[in-house]
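Have a look below at one chain only, the form predicted alone, in C-alpha cells format.
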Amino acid sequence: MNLFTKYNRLLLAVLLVGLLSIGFLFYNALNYTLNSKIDENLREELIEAMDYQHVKNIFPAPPEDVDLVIEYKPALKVSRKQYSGDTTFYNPRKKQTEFARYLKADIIFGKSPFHVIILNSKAAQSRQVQIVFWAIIIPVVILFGLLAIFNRYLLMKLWLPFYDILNQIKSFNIMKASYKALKTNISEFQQLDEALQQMTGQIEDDFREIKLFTENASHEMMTPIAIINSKLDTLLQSGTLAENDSNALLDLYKATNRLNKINQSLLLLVKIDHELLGEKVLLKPAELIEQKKDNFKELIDERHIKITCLTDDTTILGNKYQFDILLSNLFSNAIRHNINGGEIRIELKEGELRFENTGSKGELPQGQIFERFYKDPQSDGVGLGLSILKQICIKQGFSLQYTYRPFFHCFEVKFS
C-alpha cells in the first residue's frame, strides 16, 4: 500500500467516524428536545385534568386531539411519584399502534385512588425530527464527500514531483542518460532533487574514471604479457635449457597464458558492459551455428563427440560480434566440460536456442555458475566464460537459463 492510498483511507475512516458521531449526537439532541417538550405538555395536561376533576367532580372528557389519550384506572393506593418514558400503544382514534410518550401519576377522585396515564403520540414529532435530521446530515455528507475528492485530487497534484523523481530513479541508466533536474517550487522536493543530482553526478564521474582505468589497465597489460610470452616461447624453443629450467619456464609460460586469457576476458567484459561492440543487426543464427560448428570440428572429432544439430531458419536482432562470442562460449563450454565419446545436442527454433551436452559432473550450482571467476576446481578455465555469456544475454535483451537432467547440462537462450 502506498502512502497516498494509506492517507486517503485514514482520512475516509476519520471522516466516517466523525460523521457517525455527529449524526448520533445530533439525533439524540433532537430527540431529547422533543421528549422534553412532550413531557412538559403531558404535565400541563395532567394539571388541567386534576383541576377539571376538582372543580367538576368528574373526569374530563377525552381531549379532541387525536394524538392525546388519557386513561383512568382504579388503584389500591396513591403514590406521589410520577413516571414518564417512551412506549408503544394502540391509538383507538387512529386505529393503529404508534410510538408515544407517557406520563403516569396517581390522583384521588372522591375518596378513591386512581392511576392516570396520559399518552401523547410521537408520530408527527418523529417525522419532524427525521426531516430536520436529514436536512442537516445530507449536506454534511455531501460536504465530506467533496472534501475527500478534493483532497485526493490535491494530493495527486502535490505528489507529482515525487513520482517524477521516482520514475527517473527507476529508469536511471548510467550508460544512456543523466538524471534530469526537476522543476518544482516545493522546497522538500527541491532538496531531494538537488541531492539526487549530486549523487547521480558523482556516480557518473566515478563510473567514467573506473571505465577509463579498466580500459587503460587492460590495454597496458596486453603488451608486457605478449612480450613475456614471446621471450618464454623463444627460450623454450632454444633447446639450451636444462630439464629443470625447462619445466620451470613451461610452468611460467602456462601461467602467463592464463593471465593473458583473464586479461582478454576482462577486457571483453568491459566492452560488453560499455556496449562498445557495435550496433544490432538482423542475424541468421542457423548459418552462424553451422560456421561455428565447422570451426570447432577438429576439437569435436578429437574427443569423438557426437553432435546433433536441429535448426530452423529463423532471424533475430542482435549484435553480430557479441552473438559470435555467445556461440563460441556455448560450443567451447559444451566441448570442454564433455566426456570423450559424449554428445552435444543443439536445437534452434523461433525465439529459442538450446545447447545440451553430456558431462562427467552432476548438476551445477545454479546460483553460482554465472558468477565471475566461479569454476570447477578441476577445470583449467579462468571462470569467466559463463559470466560473459550471461552479460551478453543481458545486454542483448536475451534470457539465459541453466537446467540439468541426467546426464545432460542444458543452456537455454531465449531471444525475446
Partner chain sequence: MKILIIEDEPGLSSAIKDYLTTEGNLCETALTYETAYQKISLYTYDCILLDLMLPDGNGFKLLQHLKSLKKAEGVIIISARNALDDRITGLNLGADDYLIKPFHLSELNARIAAIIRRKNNLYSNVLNFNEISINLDAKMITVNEQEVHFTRKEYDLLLYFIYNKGKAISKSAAAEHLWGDDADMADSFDFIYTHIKNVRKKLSDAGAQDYFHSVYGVGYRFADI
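Positions refer to the first chain, counted from 1. Remember, it's a predicted structure, so these values are computed and weren't measured experimentally. In this text, the rigid core denotes the largest set of C-alpha atoms whose superposition between the two forms falls within 1.5 Å.
Absent from the display: the form predicted together with the partner chain. The rest refers to it.
**Student:** Residues in which of 260 to 268, 192 to 200, 116 to 124, 73 to 81 have heavy atoms within 4.5 Å of the partner chain in the predicted complex?
**Tutor:** Answer to the contact question: 260 to 268.
**Student:** Can you check whether residue 345 is within 4.5 Å of the partner chain in the predicted complex, heavy atom basis?
**Tutor:** Close contact is absent here: in the predicted complex, residue 345 is far from the partner chain, nothing within 4.5 Å, heavy atoms only.
**Student:** Is residue 254 close to the partner chain in the predicted complex, meaning a heavy atom pair under 4.5 Å apart or at it?
**Tutor:** Result yes; residue 254 sits at the interface with the partner chain in the predicted complex.
**Student:** Do residue 151 and the partner chain share at least one heavy atom pair within 4.5 Å in the predicted complex?
**Tutor:** Answer no; every heavy atom of residue 151 is more than 4.5 Å from the partner chain in the predicted complex.
**Student:** Within a 4.5 Å heavy atom cut-off, is residue 110 in contact with the partner chain in the predicted complex?
**Tutor:** No, residue 110 is distant from the partner.
**Student:** Quick one: from 223, 171, 97, 187, grab the residue that has a heavy atom within 4.5 Å of the partner chain in the predicted complex.
**Tutor:** Here the answer is residue option 223.
**Student:** Which residue among 206, 86, 294, 313 has a heavy atom within 4.5 angstroms of the partner chain in the predicted complex?
**Tutor:** That would be 294.
**Student:** What are the residues of 332 to 361, in order along the chain, with a heavy atom within 4.5 Å of the partner chain in the predicted complex?
**Tutor:** The stretch 332 to 361, when checked against the partner chain in the predicted complex, contributes 332, 335, 336 at the 4.5 Å heavy-atom cut-off.
**Student:** Taking the rigid core as reference, does the Cα of residue 104 move 2 Å or more between the shown form and the other one?
**Tutor:** Comparing forms between the shown form and the other one, the residue 104 CA shifts below 2 Å.
**Student:** Align both forms on the core first, then report whether residue 300 has a C-alpha shift of 2 Å or more between the shown form and the other one.
**Tutor:** Comparing forms between the shown form and the other one, the residue 300 CA shifts at least 2 Å.
**Student:** Take the rigid core as the frame of reference and indicate whether the C-alpha of residue 336 shifts by 2 Å or more between the shown form and the other one.
**Tutor:** Residue 336 C-alpha, core-superposed: shift of 2 Å or more.
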